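We begin with a single chain expressed as structure tokens, specifically the form predicted on its own.
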Amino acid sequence: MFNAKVKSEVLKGIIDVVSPLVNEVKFNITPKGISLRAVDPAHVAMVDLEIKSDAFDEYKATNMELGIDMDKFASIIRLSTSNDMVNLEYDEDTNRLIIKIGNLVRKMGLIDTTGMPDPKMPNLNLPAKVVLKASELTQGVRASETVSDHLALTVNKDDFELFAEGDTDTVNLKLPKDLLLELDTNSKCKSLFSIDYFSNMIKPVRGDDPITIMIGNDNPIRVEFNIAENKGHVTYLLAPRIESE
């Protein structure tokens, strides 16, 4: 059984987090909420998402799995405005998800979850942690997108730095410790990442909401933030690009 009522903006938040990485996902439904974990087809990035049941206005569920085509789901949810209420109901007889937005009813066929993997979250010991406002980070990433296809992130005990270099132009964003919400490292850490992936990971975070970044030297980066008015949590992992000598 799965029957829920929720503001459209919560579902749009889920779509914004998941869609840039994967199209077909397995939603793990429990009485406590919804979770999913998926790796992108190139095996460069992973997303781990949890939404608590109290993020919904109404929520009744038993343990089950729903295979969702995110493109199809997004096309339906984007017919709503952010304040619209959306009703979700699983029809066991037809194996379809019934989505109601106002007077509109869409019955969406689900994907067989049998062959879908259950990726494990690697236990990474990343030595540096930075917490900063999304707006600060977004500005630097947007500036970098027109210059290069990758960016370097550096953390030391005094500041956090983003650097991108193209054929003719460079972008540099340096935030001293007093402009950061948190900075914790015992050594200088630096890694290089794809701008496309990194940009998609931070886009769902708005304004001054905090983003947590954990980083090492040429290690995957861990990016974390809350959604759904802090009733949902997102963790991304992104593999580094290794600089050739």
Partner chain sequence: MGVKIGELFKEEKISFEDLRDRVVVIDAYNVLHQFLASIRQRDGTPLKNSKGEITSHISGLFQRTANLVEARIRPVYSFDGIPHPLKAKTLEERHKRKEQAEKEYLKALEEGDLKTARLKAQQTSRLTDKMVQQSKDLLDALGIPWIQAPMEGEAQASYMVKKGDAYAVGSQDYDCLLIGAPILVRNLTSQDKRKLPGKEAYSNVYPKQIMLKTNLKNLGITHKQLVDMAILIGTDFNDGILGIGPKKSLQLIKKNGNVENVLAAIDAKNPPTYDEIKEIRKIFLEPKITDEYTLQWSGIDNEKVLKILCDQHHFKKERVEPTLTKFANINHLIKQKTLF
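Positions refer to the first chain, counted from 1. Every value quoted in this text rests on a predicted model; they were computed, and no experiment measured them.
The following text describes the form predicted together with its partner chain, which does not appear among the structures shown.
Colleague: Should V6 be counted as a contact of its partner chain in the predicted bound form, where contact means heavy atoms within 4.5 Å?
Modeller: Taking the distances in the predicted bound form, the answer for V6 is no, it never comes within 4.5 Å of its partner chain.
Colleague: Indicate whether its partner chain has at least one heavy atom within 4.5 Å of a heavy atom of M1 in the predicted bound form.
Modeller: No, M1 sits far enough from its partner chain in the predicted bound form that none of its heavy atoms falls within 4.5 Å.
Colleague: Looking at the partner-bound form in the predicted bound form, is L237 within 4.5 Å of its partner chain by any heavy atom?
Modeller: Within the cut-off, so yes.
Colleague: Tell me, yes or no, whether D71 is in contact with its partner chain in the predicted bound form, where a contact means a heavy atom of each within 4.5 Å.
Modeller: Taking the distances in the predicted bound form, the answer for D71 is no, it never comes within 4.5 Å of its partner chain.
Colleague: Heavy atoms within 4.5 Å of its partner chain in the predicted bound form: which of the stretches 134-142, 170-178, 119-127, 153-161 has them?
Modeller: Single hit among the candidates: 119-127.
Colleague: Its partner chain isn't shown here, but in the predicted bound form which of I213, I29, A45, L183 has a heavy atom within 4.5 Å of it?
Modeller: That would be A45.
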